[in-house]
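Before any questions on how it binds or moves, here is one chain, the form predicted alone, in structure tokens.
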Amino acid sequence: MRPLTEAETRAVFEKLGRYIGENIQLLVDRPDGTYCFRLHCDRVYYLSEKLLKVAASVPRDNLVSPGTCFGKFTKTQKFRLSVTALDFLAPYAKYKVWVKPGSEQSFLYGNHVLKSGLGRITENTAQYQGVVVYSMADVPLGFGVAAKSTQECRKVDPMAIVVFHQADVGEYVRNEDTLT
């Protein structure tokens, strides 16, 4: 387990910035202590400084998951967010999309959100902006990328894709062997 390099930190913060904007600072400097990002086996973990000190005493081979896995670096060194980061992204999300109850299941199976399943969308959402997807009962279901801006969503046909799927809580069941 080691600190992130400059390039790795930039990649992680750029990806997080798409979803929570300037609120990244709120993730690091929290009222309950200071938190940090660490790299272990190509995965980026988010953990408190207290937990970091405890994890330092565990041998690397025996260390499975030192904190909350935020994502991983691919072989081409691109950062991919994991669904395990959803609990930390949802409270600070700048742009949100609510899906109708009939479309929740489709999204949780890994499909994109169509205009017909769109309940609400945050005003002034730009195209290709990172969004957190909620149910109509304000339960975070996952996150994705807006395929259309808010203005374009108003006039597209019902079968048009409005949010590209990135991750959802259904992955806990579908990929339970690989999630850490």
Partner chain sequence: MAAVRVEEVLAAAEEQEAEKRRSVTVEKELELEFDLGNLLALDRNPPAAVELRGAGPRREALLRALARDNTQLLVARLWELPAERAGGAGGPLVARLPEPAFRLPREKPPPRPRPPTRWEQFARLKGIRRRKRTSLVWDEQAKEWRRRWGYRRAGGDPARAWLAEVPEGADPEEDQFARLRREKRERVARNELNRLRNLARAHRAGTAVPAAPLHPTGHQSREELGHVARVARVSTASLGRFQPRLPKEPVEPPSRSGGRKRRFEPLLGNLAAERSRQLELLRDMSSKKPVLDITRAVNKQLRQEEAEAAAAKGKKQSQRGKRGRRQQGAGGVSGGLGGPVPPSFAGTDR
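Note that the structure is a prediction, hence the values are computed from the model and not measured. Numbering follows the first chain given and starts at 1.
What follows is about the form predicted in complex with the partner chain, which we do not show.
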Look up in the predicted bound form whether residue 95 has a non-hydrogen atom within 4.5 angstroms of the partner chain, and give yes or no.
yes
Quiz item: Taking 4.5 angstroms as the cut-off for heavy atoms, does residue 100 touch the partner chain in the predicted bound form?
Solution: yes
Worksheet entry | Close approach of residue 34 to the partner chain in the predicted bound form, 4.5 Å, heavy atom | yes
Query raised in the report: Is there any non-hydrogen atom of residue 132 lying within 4.5 Å of the partner chain in the predicted bound form?
Result: no
From 42, 49, 61, 138: within 4.5 Å of the partner chain in the predicted bound form by heavy atoms is 49
Of the residues spanning 1-18, the ones with some heavy atom within 4.5 Å of the partner chain in the predicted bound form are 1, 2, 3, 5, 6, 9, 10, 13, 14
